[in-house]
Each structure stands twice: as structure tokens, then as C-alpha cells.
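One chain comes next, on its own, written out as C-alpha cells in the form predicted on its own.
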Amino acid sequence: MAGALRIRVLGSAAGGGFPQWNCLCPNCRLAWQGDPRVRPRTQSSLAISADGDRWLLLNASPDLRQQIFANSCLHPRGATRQTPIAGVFLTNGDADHLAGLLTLREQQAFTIYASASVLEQTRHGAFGVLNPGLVQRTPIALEARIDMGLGFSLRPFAVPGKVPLYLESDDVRIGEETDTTIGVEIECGTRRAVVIPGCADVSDDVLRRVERADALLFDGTTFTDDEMIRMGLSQKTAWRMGHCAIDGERGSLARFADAKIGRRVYTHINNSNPILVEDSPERARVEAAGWTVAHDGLEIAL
């Protein structure tokens, strides 16, 4: 019988973390200075459990070793070689969701779950260090319910997105719904959570998917579509990067405003996003709308 579903935020920042190692944007400057209004954050990943003993990672952050160290529920116990981590489920092939797999190379059995196109990225180059005799790669099918054998099930579904940056060609298609960018429904008994760490647009299909979820963890990368351009950090909009901004007519704040959702949490937050500053007007707006801004170590129990 399944217990309570626990979703633990291991890392809540977008690629590069917060502060980003080479950045002095206004937010990062505050973090480097130790300003108490901002909390440092590692790169995006979650851990999910129904019994508190066995955990599934949702994405493998480049900061995974640090995240394991910071979360005692993931520490080895018992045998000489042991881990509570039973597997890793990948929602896309971005480097900030794959690189942590290299941390798990030390002769340990676990399973990687991903779509066929994403799973293919784990078979090449440095990922060859994952012992094929111990690490099982299991392809998943969109819309198929997967019993994880851990007391909960997952149902992956396509969301508007794009291919990873390192696979981009001259013809980059943004917003297509394929197996390169997915969200997951997590079901444990009567409880249901939806996790969508990367999403280019809150489509009507996404709105239908999250309706009446007990919790939603959603892409909070940028507050405005052009914020990185305005700060001189990039020439790309959030849309061009495959992310939906929080603000604006098509922003997630407006699109989810009337949705019937229990707990709503922004995660995968870019270092440029003003909601990272706890007394900012933007932070006040999202909190007034019922959203929590994720931080490392946040746990949601359903």
C-alpha cells in the first residue's frame, strides 16, 4: 500500500545555478555579497518517494553530488555499496538534466527512464562510463502509465518545447510537442502531482493536464520573455530558449490563474529572474497569486 507522496526539491535553479559562476547580474551580485534576501540554489532536479526509503530522481543535475550530500534521505546506508536512489527519470536531454548521471558511475545498479530520443543521448561519449551490466536503460512511451515499483506511478506526456541546445540546427522549431520535452503526472493512491520543469507555452492541453492536480511544479525560468536581453546576458528570449515566461498575456501566471490546482510551485528559476529576491515586487506578485518559489530542500508531502 502506498504511503504519502513526498517530492523533495534537490535543486531549484535553471542551468548554471544561482549565483551563476561567471555572473554579476543584479541577482547574482546580491548572492555573491551574501545578501539574506536571496538563497543560493543548485541546478534543477527533484527526488520522489512514497516510503521515504527508495527515491526516484527526476533529472540528474550537474550538482547531483552536492545535492546528495545536502539531503540525508539520499545518503548510502547498510551495505558497503548502497544507495536509496532506485532510478533516474529524464524529462529532456538538456545538459543540466543529464550531466549528473556521471556522478552515478561508481559501480552502482540503477535504472534510467527516458523517451527514446533522450535515452539515446545517454549512450554516447562520457556516458559510456555507466556500466551497462549495472545501469539499465528503459525507454518510456508517452501517455503510458509506468508503475515504478516504488509505490507510485508516472505518466509522461509531451509539452511544447525544443531539442537541447547542443542538438540545435539552423532550423530550430520552438513549441513542438514531441518526446524531446516532457512533463510527468505522478500518482500515489488518490494523490496526483504534475511536474513540468521545461515548457515553451502553457497550451490548452497543458491546462487540461494540470486541472485538479494536488500539486504543480512548473517552469519558472524567467519572469519576462526578454529579461536576459534587457540585462545584456543573452540575445535570446525565454521563448527562443524553449521556456514560457511568468509574466505577460501568455505567461504562466495568467494562463494558470483560473486553474483548479492545489499547491503551485515555480522551479527551474534562472539567475536573472527577480522572483529570487524575497522582497521584490515580482516575488510579491507570484506569491499573491498562490505560487511558492522553490528553494533547495523544499519538500511537498501529499
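What you see is a predicted model, and the numbers here were worked out from it, not measured in a lab. Residue indices: 1-based, along the sequence shown.
Below, we turn to the form predicted together with a further copy of the same chain, even though it does not appear here.
May I ask whether Asn22, Cys25 and Gln82 each come within 4.5 Å of a further copy of the same chain in the predicted bound form, counting any non-hydrogen atom?
Yes: each residue has a heavy atom within 4.5 Å of the partner.
Would you mind picking the one in Gly149, Gly189, Pro139, Gly128 that has a heavy atom within 4.5 Å of a further copy of the same chain in the predicted bound form?
That would be Gly128.
Name the single residue among Met228, Val206, Ile112, Ile196 that comes within 4.5 Å of a further copy of the same chain in the predicted bound form, judging by heavy atoms.
Residue within 4.5 Å of the partner: Met228.
a further copy of the same chain in the predicted bound form: contacting segment from 196-204, 149-157, 89-97, 217-225, heavy atom within 4.5 Å
Looking at the partner contacts, the answer comes out as 89-97.
Contact label in the predicted bound form: Pro62 to a further copy of the same chain, heavy atom within 4.5 Å:
Although a further copy of the same chain is absent here, Pro62 would touch it in the predicted bound form, with heavy atoms inside 4.5 Å.
Contact test in the predicted bound form: Arg41 vs a further copy of the same chain, heavy atoms, 4.5 Å
Judged by the heavy-atom cut-off of 4.5 Å, Arg41 is in contact with a further copy of the same chain in the predicted bound form.
Closest heavy atom of Arg145 to a further copy of the same chain in the predicted bound form, within 4.5 Å or not?
Judged by the heavy-atom cut-off of 4.5 Å, Arg145 is well away from a further copy of the same chain in the predicted bound form.
Residue-level question: is Arg77 within 4.5 Å of a further copy of the same chain in the predicted bound form, judged on heavy atoms?
Yes, Arg77 sits close enough to a further copy of the same chain in the predicted bound form that at least one of its heavy atoms falls within 4.5 Å.
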